[in-house]
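Before any questions on binding or motion, here is one chain by itself as structure tokens, the form predicted on its own.
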Amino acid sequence: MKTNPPSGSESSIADLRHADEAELIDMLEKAEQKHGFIPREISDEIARLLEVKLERLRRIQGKLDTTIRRDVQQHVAHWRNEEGNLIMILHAIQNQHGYIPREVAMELSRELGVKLARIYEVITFYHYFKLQPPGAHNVTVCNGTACYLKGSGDLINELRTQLGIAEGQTTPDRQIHFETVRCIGCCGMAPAMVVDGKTCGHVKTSDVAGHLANLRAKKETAA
């Protein structure tokens, strides 16, 4: 028996089941432009599909929440009876994640019964703690007295220009984190900077581009 092909509306609804978010938005805009409104059958189907997607996301979030809760409980249990345990726990969290994720800080607040504002007071007081994910590579300029007198300010300005970020920030592609410190103990090598753990001395502004090129080459090699 010969079957009729689906109508335009039925075909559109069938397409919805295989569309991603961008395609759904595009379909909605085209339907609205064509009809002046979004047909009920299309809006109902999209609402159903969105609920399915949201339910999947809720399950994923639930698994993440469980993992976060378990990790925080383990850190708290390890340091619970130690004086100044909040700092120790924050160190453990940063060692695990590379920074202090907000959702982890919120879980820590609940677990310890400490206000979230108090946890952020500690995080922001100690410059060691980071609130943003670290970059794949790190560039640190020493800005201690010896390095400052030898031109570390010029290195900082050069890095700001070439990376397009300020100290304490990470490039948008999360590849390079740039920061300054008071002293790295290498005053005889002033001005000095540390690139991925390697100390570089007597650095000139003309050297900065080469160091950054080496870091980016690491990314290309890894890819």
Partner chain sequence: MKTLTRQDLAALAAQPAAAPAEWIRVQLDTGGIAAGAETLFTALDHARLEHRLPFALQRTGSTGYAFADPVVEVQTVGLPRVHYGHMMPELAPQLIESHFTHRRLLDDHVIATRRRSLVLDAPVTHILVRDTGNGPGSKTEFFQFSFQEELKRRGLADRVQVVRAFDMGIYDEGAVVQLLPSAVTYTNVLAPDVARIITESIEAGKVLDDLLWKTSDKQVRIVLRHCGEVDPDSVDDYLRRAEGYQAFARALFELTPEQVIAEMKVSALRGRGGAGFPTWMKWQLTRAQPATQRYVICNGDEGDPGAFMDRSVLESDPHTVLEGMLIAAYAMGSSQGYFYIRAEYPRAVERIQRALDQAREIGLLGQNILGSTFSFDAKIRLGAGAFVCGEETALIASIEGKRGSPSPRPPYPSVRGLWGMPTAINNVETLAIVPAILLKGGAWYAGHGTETSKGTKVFAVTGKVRNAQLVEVPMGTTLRQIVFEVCGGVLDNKEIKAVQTGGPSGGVIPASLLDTPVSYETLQQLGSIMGSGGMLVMDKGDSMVEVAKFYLRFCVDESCGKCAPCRIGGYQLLQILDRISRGRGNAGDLAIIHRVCHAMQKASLCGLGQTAPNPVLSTLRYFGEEYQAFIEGGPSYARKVSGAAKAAKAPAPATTQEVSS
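We call the rigid core whatever largest set of C-alpha positions still superposes within 1.5 Å between the two forms. Numbering follows the first chain given and starts at 1. Computed from a predicted structure; not experimentally measured.
What comes next is about the form predicted in complex with its partner chain, which does not appear here.
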In terms of non-hydrogen atoms within 4.5 angstroms, which of the given stretches 170-178, 185-193, 24-32, 43-51 touches its partner chain in the predicted bound form?
-> 185-193
Check each of 136, 112, 106, 122 and return the one that places a heavy atom within 4.5 angstroms of its partner chain in the predicted bound form.
-> 122
With a 4.5 Å heavy atom cut-off, would you call residue 102 a contact of its partner chain in the predicted bound form?
-> no
Classify residue 91 as contacting or not contacting its partner chain in the predicted bound form by the rule of any non-hydrogen atom within 4.5 angstroms, answering yes or no.
-> yes
With the partner left out of view, is residue 74 within 4.5 angstroms of its partner chain in the predicted bound form by any non-hydrogen atom?
-> no
Report whether the minimum heavy atom distance between residue 151 and its partner chain in the predicted bound form is within 4.5 Å.
-> yes
Listed by sequence position, which residues of 105-129 have a non-hydrogen atom within 4.5 angstroms of its partner chain in the predicted bound form?
-> 118, 121, 122, 125, 126, 127, 128, 129
For residue 88, is the CA shift between the shown form and the other one at least 2 Å following rigid-core superposition?
-> no
Using the core for the fit, does the CA position of residue 145 change by 2 Å or more between the shown form and the other one?
-> yes
Core-superposed comparison between the shown form and the other one, residue 203 Cα displacement 2 Å or beyond = yes
